[in-house]
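As C-alpha cells, one chain now follows by itself in the form predicted alone.
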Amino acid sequence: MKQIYAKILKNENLGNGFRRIGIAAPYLAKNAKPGQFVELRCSGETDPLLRRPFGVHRVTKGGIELLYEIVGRGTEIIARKKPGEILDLIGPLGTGFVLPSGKPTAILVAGGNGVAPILFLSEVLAKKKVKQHVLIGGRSKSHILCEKDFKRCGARVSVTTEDGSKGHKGLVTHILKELLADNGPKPAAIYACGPTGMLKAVANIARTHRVSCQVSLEEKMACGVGVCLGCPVKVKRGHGLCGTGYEYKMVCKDGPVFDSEEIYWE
C-alpha cells in the first residue's frame, strides 16, 4: 500500500449516472489483485473530508480503471474531473479473491455496481484459462453494466432484470439456482459482489450445493486500513460453522472479500 498521485487519462460517461475513470498508476497496475480497492480523495479541500473507496475495475497498461456511480457530493466532484488532472489515492487495499488452482470452471455473480471488481477478476481468470459463467443482475436495463466486457473475456453471460427490460425477468439468484440444480459438473467456485441481500442469497445457494463461495462486501470505508473501525461485519467466532456466536472484523482490512461461510448472515 502507498499513497499515489496519479494523472487522469479519461473520465467517461457510461450513461444513467455511471462513469469510468482511467488513471496512470504503474504501481497499482503491477500490485493490485482482483477484489482489492483504493481510497480516493475527492478534492483538495476539506469538504468532503473523507476519502471514497472504489474497487479496482480493470488493470490497464501502466494504470487502472475505476467504475463508479454518481450518488453524492464526493462522486459528483470526481465526475467533474478532467484528463490531465491529478488524483490523490491510497492503495491497493484489502484482501482480494483467492483464485482457483488449475483450469476449473467458475461462476461470477454481479449485482448492480458489483460488476466493478468482478470484471477485473474475470479478466484475470481469462488469462488463467478458467471457464466462466457470469451472471449480471440489476433493477432494469439501465443498471446492466459491462456485458460486452465480460464477453470479451470469453465468458458466457446471463442477464437478469427485476422489471424484465433486459434478459431474464427476476433476480440474478434465480439463474444461479437453475445452474447449480443442473446435473452437470459443479463449478470449482462462486465469486459474488453486490447488495448484501443478494450476497446472503448466493451464500445460501452455494452452501446448499456445497460449492465454495467468496463474497466481496460493499461498505462505507472511511480510512481503508481498519483504524477508524467504521466498517464492522459480523463473522462466526473462530470461523466455526456450528453457530457458536460471532465476533467482528473490519471490511476494509480483513476483507472486502470473505469466504461466504465466515459471514454471520442475519
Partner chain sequence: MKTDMTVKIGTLKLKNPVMVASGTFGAEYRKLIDVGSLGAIVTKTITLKGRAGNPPPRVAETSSGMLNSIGLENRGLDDFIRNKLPLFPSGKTALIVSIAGDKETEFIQMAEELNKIKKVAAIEINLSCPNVKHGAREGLVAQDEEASYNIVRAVRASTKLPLVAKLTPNVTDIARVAVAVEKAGADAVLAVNTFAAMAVDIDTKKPKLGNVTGGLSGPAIKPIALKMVWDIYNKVDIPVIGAGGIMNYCDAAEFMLCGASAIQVGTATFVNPNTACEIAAGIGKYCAENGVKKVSELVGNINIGAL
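Numbering follows the first chain given and starts at 1. Everything numeric in this text was worked out from a predicted model, so none of it was measured.
Below: the form predicted in complex with the partner chain, not depicted.
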The partner chain contact in the predicted bound form: E247, any heavy atom under 4.5 Å: yes
When the contact criterion is heavy atoms within 4.5 Å, does E69 count as touching the partner chain in the predicted bound form? no
Do K253 and the partner chain share at least one heavy atom pair within 4.5 Å in the predicted bound form? yes
Can you tell me whether I8 touches the partner chain? I mean in the predicted bound form, with a 4.5 angstroms heavy atom cut-off. no
With the partner left out here, if you bring back the partner chain in the predicted bound form, are G15, R20 and H143 all within 4.5 Å of it by some heavy atom? no
Only one of 203-211, 56-64, 218-226, 30-38 gets a heavy atom within 4.5 Å of the partner chain in the predicted bound form; which is it? 218-226
Give, in sequence order, every residue of 23-56 that has a heavy atom within 4.5 Å of the partner chain in the predicted bound form, or say none if there are no such residues. R41, T46, D47, P48, L49, L50, R51, R52
